[in-house]
Structure formats: C-alpha cells, structure tokens
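Okay, here we've got a single chain as structure tokens, the form predicted on its own, with questions on binding and movement later.
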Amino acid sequence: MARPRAQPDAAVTIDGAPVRVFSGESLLAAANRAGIPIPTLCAVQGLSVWGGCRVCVVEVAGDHTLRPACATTAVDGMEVTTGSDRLVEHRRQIVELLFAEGNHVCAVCVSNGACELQDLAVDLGVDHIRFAYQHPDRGVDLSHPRYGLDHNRCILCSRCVRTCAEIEGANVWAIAARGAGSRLVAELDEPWGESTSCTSCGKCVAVCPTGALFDKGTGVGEMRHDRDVIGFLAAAREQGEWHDREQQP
C-alpha cells in the first residue's frame, strides 16, 4: 500500500509567484514543483544535499547573503528571487572557474551537446573565460571493462559518490585530498577496474553531469546520461510503489 502523502502547510513567494510548501521542503524542491527553474550542478532529486557547487544560490528578502536553494528550508513568508543580475553574475563566475580549473575541451568530449556544465554556460551567456586556464595534468582511468573515468572532465560535484552510497549501497567512490589536488577515487585510490565493491550497475555514469564518467565505446558527442533515473529509484523506495517510468504522471 502506498504511503499517505503530506499536504503543504506554508507558503513562500518565488519570483513574485506564491508557492505552497511542505514542512521541511527546500527552496529548490519547492521551486521545481512550481515549475520555476533554478540551475544546479551537484543537486539531484533523490540524493542527499551536498551544497558544494553554489550554482543554485538565491536571494532571500532581508538577508544580504546568497543562500543555496538546495540547502535552505522554505519558511512561511519567505520572499525569494532566483534570477537577479547579481545571481547571474555569481553563477557565471562559478562556471568560468570550473572551465578554467579543468580541461573541458568540449569539441573532443563524449558529452559534447549533452553536458550540464556546457548547457549552463550557454544559458548564462559564457562566451569567454576571464580566468587563467590551469591545464592540470590529469589522467583517464579505463581499467573498468564497461566504463571510463576522465578526471579532466570531473567537477567534483559528488553525484556519483552519493549515488553509489545512497542508491546502490556500494560505496565505491570518494573524493580524496583537498584544494587543487582533490580528485575522485575508487575505494582506496585503486584503479576502478580493480574495485571489489563495484557492481557495474552504471548509476554513477547515468548521473554524471559532464563527460567525466562515460560508457566505453562512445565517441565525441555520443554519450547520454540519465540523471532522472536516480529520482525515480529514490521516489519508488520512499513511496513503496514501483511503476514503469513511462507510466509516471
């Protein structure tokens, strides 16, 4: 039997529109439900809150700081702005820094044309990078029989880490070190293909926002990810209902 669902018990204003919210609901979830888009890179429905990318920050009336919508609980009476000039500039700087920090050469990436970072740059009008490119010397792990990991494309959003731990329960991935030395590692920094915990389920690949995790054999522009499968699996578990995805309302 499906579990009973709660009713909204508070109201906020997002970009001038009244939105009813559930107790404990985040501003990001409330906005998504209301059809008000807020860009994200690390947040995915069905995963725990990371709050690391800072792309989803919004303005709340009466607070001079920018708040991450994914980690801010909607409180009755809040007045929220999601797309001011200040917010757009903030997001543009983040995207530019990500491009400068890694080796995101879209023209030779398997996810070219289907990359969330690339899409966000286009949406924000990023046509050049104002920061010095770092050109880090990072490698590619092709040790897994089915999948590859290109550290040059990784933005350390931790989606794969949380998906593996919270959805698959395998805990293969972690982020090691700090600062410029931070990197995604399998188990105790072993080649992915030597991991004894990996189930080869592919959920980490499906949820990757860039071309960092990819199916072997895909060429430039051929890789397609499927982040929505994570929300589907999490919702099915929470609600105790399993339907074909095509039957979802």
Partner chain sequence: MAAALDLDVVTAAEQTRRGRYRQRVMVCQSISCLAAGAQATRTAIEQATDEEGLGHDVQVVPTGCMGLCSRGPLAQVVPRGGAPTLYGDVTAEAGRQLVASLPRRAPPPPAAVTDRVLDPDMPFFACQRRFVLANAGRIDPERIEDYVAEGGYRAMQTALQSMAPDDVIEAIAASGLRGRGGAGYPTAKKWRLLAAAGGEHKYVVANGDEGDPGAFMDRTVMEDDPHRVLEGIALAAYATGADRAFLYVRAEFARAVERLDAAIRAARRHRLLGRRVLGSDFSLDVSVRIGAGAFVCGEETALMASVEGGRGTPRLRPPYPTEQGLWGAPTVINNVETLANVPGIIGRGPEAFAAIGTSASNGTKVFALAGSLVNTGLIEVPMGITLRQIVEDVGGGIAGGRAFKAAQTGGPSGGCIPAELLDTPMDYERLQALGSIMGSGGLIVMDDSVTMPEVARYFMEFCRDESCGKCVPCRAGTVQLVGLLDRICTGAGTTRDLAQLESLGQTVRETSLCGLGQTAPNPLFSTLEHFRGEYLDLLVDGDTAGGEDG
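Positions refer to the first chain, counted from 1. Keep in mind that what you see is a predicted model, and the values were worked out from it rather than measured.
From this point on, the text means the form predicted together with the partner chain, which you will not see here.
Asker: Would you confirm whether the three residues Ile38, Gly113 and Val126 all fall within 4.5 Å of the partner chain in the predicted complex, going by non-hydrogen atoms?
Answerer: No residue of the spot touches the partner chain in the predicted complex.
Asker: Since the chain is shown here on its own, which stretch among 105 to 113, 141 to 149, 89 to 97, 165 to 173 would lie within 4.5 Å of the partner chain in the predicted complex, judged by heavy atoms?
Answerer: In short, 89 to 97.
Asker: Answer yes if any heavy atom of Gln134 is within 4.5 Å of a heavy atom of the partner chain in the predicted complex; otherwise answer no.
Answerer: The answer is yes: Gln134 has a heavy atom within 4.5 Å of the partner chain.
Asker: Is there a heavy atom of Ile155 lying 4.5 Å or less from a heavy atom of the partner chain in the predicted complex?
Answerer: Close contact exists here: in the predicted complex, Ile155 approaches the partner chain to within 4.5 Å, heavy atoms only.
Asker: Is Lys203 a contact residue for the partner chain in the predicted complex, using a 4.5 Å heavy atom cut-off?
Answerer: Residue-level check for Lys203: no, no contact with the partner chain.
Asker: Might Ala34 be said to contact the partner chain in the predicted complex, defining contact as any heavy atom within 4.5 Å?
Answerer: Residue-level check for Ala34: no, no contact with the partner chain.
Asker: Which of Val44, Cys53, Leu184, Ala30 has a heavy atom within 4.5 Å of the partner chain in the predicted complex?
Answerer: Partner contact (heavy atom, 4.5 Å) among the options: Cys53.
Asker: Determine the residues of 174 to 199 with a heavy atom within 4.5 Å of the partner chain in the predicted complex and present them in sequence order; the list may be empty.
Answerer: Result: Ile175, Ala176, Ala177, Arg178, Gly179, Ala180, Ser182.
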